[in-house]
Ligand SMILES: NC(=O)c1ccc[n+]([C@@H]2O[C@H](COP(=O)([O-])OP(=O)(O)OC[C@H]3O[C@@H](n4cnc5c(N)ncnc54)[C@H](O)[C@@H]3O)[C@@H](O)[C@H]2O)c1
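Let's start with one chain on its own, the form predicted on its own, as structure tokens.
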């Protein structure tokens, strides 16, 4: 049997490379697997040999101990791979195909999938709508930070690249299609970004930089990115963004210095529930980003909220935060007639179009997020550096496909 190594969460602050079983076309019991999913037949699936699998800020929430993730949960929901086996019910995907895997697992059959709401599929997670690979409370589908991974409902879920050689030339860019590029794009679209828009993106991590890239792609006039990390702000400036240094205080005054008014047309939250306040010694204040976005977004505008919020946070700053209950100034949002879009990005709504933009040289997302390939063995170091604030998107290279 072919060996399979994977990156697993062990305890707060610690990941390890472990040996796991080679995938089969049946969902087995294991850390985080919902009992109702054990024994589930996956004849509609394929087994991928992993080409690229990225470390995500959402993974970091688990690794920091900020979720209820169990020990030995195999991580990784950002997956690109080559098909090496197909289940008996797979009709269109073939061995040898090079594909991007949307991080949301979707059946393609339920009401929500048919309405393009693939982030809240009703059939793949017995606990709640929506599922993902290698993530707590998402059904227990094994993560993709491994040599090999099982992908269910393959004909529906996989985005096949039309030309393997051409795709490999841009593989670091295409590796962003599994999550952060569509997620950032979804944040910008749901914030109403269009030609001539002024946009504020809270957070200069990879999703924030992807949202800023997307705002440019959508025709924004000015894109402003705010963060407490100067190295990450420098990444934003490298592709034409204005920046706000939140160690110097809130965003309104600095936005006014850029635009002449202390507000923007569109706001994007690319931070999520571990947000910190403003100022040099900012402490965690999970509602800060949402409340500040309501303050600085023009009346009648919209907030795109791709940043992750959870219903269970053992490390929350108070009892309310531990259950995802935040002190939002909803009255501000109501008074300004702001609209809000939250939740998982429905990746398949955008990934093909973004693939075409990459393949036809309309965008350089890997450069903008500073993508860097590292080996599977280097994953613990990558996690530690990313957690320390490195302005880098780490891409794991389990099988040597990446130069």
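Residue numbers count along the first chain shown, from 1. Quick caveat, the model's predicted, so the values are computed rather than measured.
From this point on, the text means the form predicted together with the named molecule, which you will not see here.
- Comparing 22 to 30, 343 to 351, 373 to 381, 38 to 46 against the named molecule in the predicted bound form, the single stretch with non-hydrogen atoms within 4.5 angstroms of it is 343 to 351.
- Annotation: in the predicted bound form, residues 58, 205 and 289 each come within 4.5 Å of the named molecule through at least one heavy atom.
- Mapping the unseen interface onto this chain, residue 272 counts among the residues with a heavy atom inside 4.5 Å of the named molecule in the predicted bound form.
- Of the heavy atoms in residue 386, some are within 4.5 Å of the named molecule in the predicted bound form.
- A residue is said to contact a partner when one of its heavy atoms sits within 4.5 Å of a partner heavy atom; residue 232 meets this definition for the named molecule in the predicted bound form.
- For the chain shown alone, residue 152 is not a contact residue for the named molecule in the predicted bound form, no non-hydrogen atom being within 4.5 angstroms.
- Site annotation in the predicted bound form: the residue of 307, 87, 301, 130 reaching within 4.5 Å of the named molecule with a heavy atom is 307.
- Interface residue among 252, 159, 228, 258, judged by heavy atoms within 4.5 Å of the named molecule in the predicted bound form: 228.
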